[in-house]
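Below you will find one chain, with nothing else, as C-alpha cells; this is the form predicted alone, and questions on how it binds or moves follow later.
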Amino acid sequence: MDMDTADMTDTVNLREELEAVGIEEILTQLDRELIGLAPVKTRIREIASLLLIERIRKRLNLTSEVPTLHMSFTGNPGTGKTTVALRIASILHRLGFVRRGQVVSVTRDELVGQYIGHTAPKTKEVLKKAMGGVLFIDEAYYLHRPDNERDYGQEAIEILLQVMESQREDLVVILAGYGDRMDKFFASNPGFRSRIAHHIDFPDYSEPELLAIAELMLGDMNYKFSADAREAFIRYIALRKTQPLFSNARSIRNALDRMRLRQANRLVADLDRVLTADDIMSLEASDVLASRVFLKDRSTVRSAEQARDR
C-alpha cells in the first residue's frame, strides 16, 4: 500500500489502546489461572500484541487483509489447552477479530457420521454453531483414519478446510492433541498445516508446578494441606507421574477429589467430635497416603526386599 494512503500525522497511544480493549486483564487472568507454561503465555502475549497492532493498522488504513488466525495446540492432556482456547477467544473478541467470544469444543464424534450422508450435516451444524467465534477440535487426528476405508472422517476434513479458508474472517479453528500424532495428521493432511498460522506446544508440568497447581485448586475450594499432608502429596506426585494415564493438572484435580472424599469419611466416622473450620478445611497425611499410588509403591518395595533377601 502507498504510504500516502494513510494520514501519517495520526498518532496512537498504545497504553490507551490496550486499556480500551481490556486484553491485559485477560492475560493477567491467564497468569492467575495457569501455573507455569511460560512459553505458552509468551506466545499468547505475542499473538495479542500482533492483533492489537493489526487493529490499529486497520484503523489507519495500513492493511486490508484479515490475518490467518487458525491455531494448533499440541501437548499431553491436562496442560491447559482448553483454558488457553477460552482466553484466546476473549482476546479475539475484544480486539474485534470474531463477533462472539465463544468456544465450541468438539471431538470426532460431533463431526463425523456413521453412515453415508450423515457426516456433512453434522459437520455443517457444528460449524454453524461455532461461526463468529472459536471452534476447538480436541484429538483432531482422529478425524483421519486411513486404515478404515469406510470411514467418513475425510468428508468432515474437506468441509472444515473449505470453511477455514472461505470463512476465516468469521471463524477461528483450533486443532488440539498429542504432538506426535498431530505431526502425522498434518503430514497426511497438508491442507490443514497450510491454514494454521500459530503452532503452540504445551509442555508437561514439573513436580513443583503440580504441587502449586494442587494448592491453588485447594485454595479455590477453601481447603488446604496440613504440613504432613503436603509432604505426602509431594511424594504422591513423584509416584503418580511414573504411572500410566497421567494427565498433568487433570490427574491432580482427580486426586484432590478423592482426598476430599477420604477426609469427609474420616471426619464423619467420629460423630461425637466437635469440628472447627480448620478441621473441615484441612487435608491430613492419612487422606493422601491411603491412595492406591502408595499401595503400588509399597508392593514394589516389598518385592524388591524379598528379591534381595533370597
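All values reported here derive from a predicted model rather than from experimental measurement. Note that residue numbering begins at 1 and tracks the sequence as displayed.
Not on display, but discussed next: the form predicted in complex with a small molecule.
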message = Given the stretches 276-284, 243-251, 256-264, 50-58, which is the single one in contact with the small molecule in the predicted complex, using a heavy atom cutoff of 4.5 Å?
response = 243-251
inquiry  = Exactly one residue in S206, N76, Q154, S188 has a non-hydrogen atom within 4.5 Å of the small molecule in the predicted complex; which is it?
reply    = N76
key: Contact assignment for the small molecule in the predicted complex, among K122, K81, H93, R108, heavy atom within 4.5 Å   = K81
message = Residue-level question: is I213 within 4.5 Å of the small molecule in the predicted complex, judged on heavy atoms?
response = yes
query = Does I26 make contact with the small molecule in the predicted complex, using a 4.5 Å heavy atom cut-off?
reply = no
inquiry  = Contact with the small molecule in the predicted complex for M217, defined as at least one heavy atom pair within 4.5 Å: yes or no?
reply    = yes
request  = Indicate whether L34 is a 4.5 Å heavy atom neighbour of the small molecule in the predicted complex.
outcome  = yes
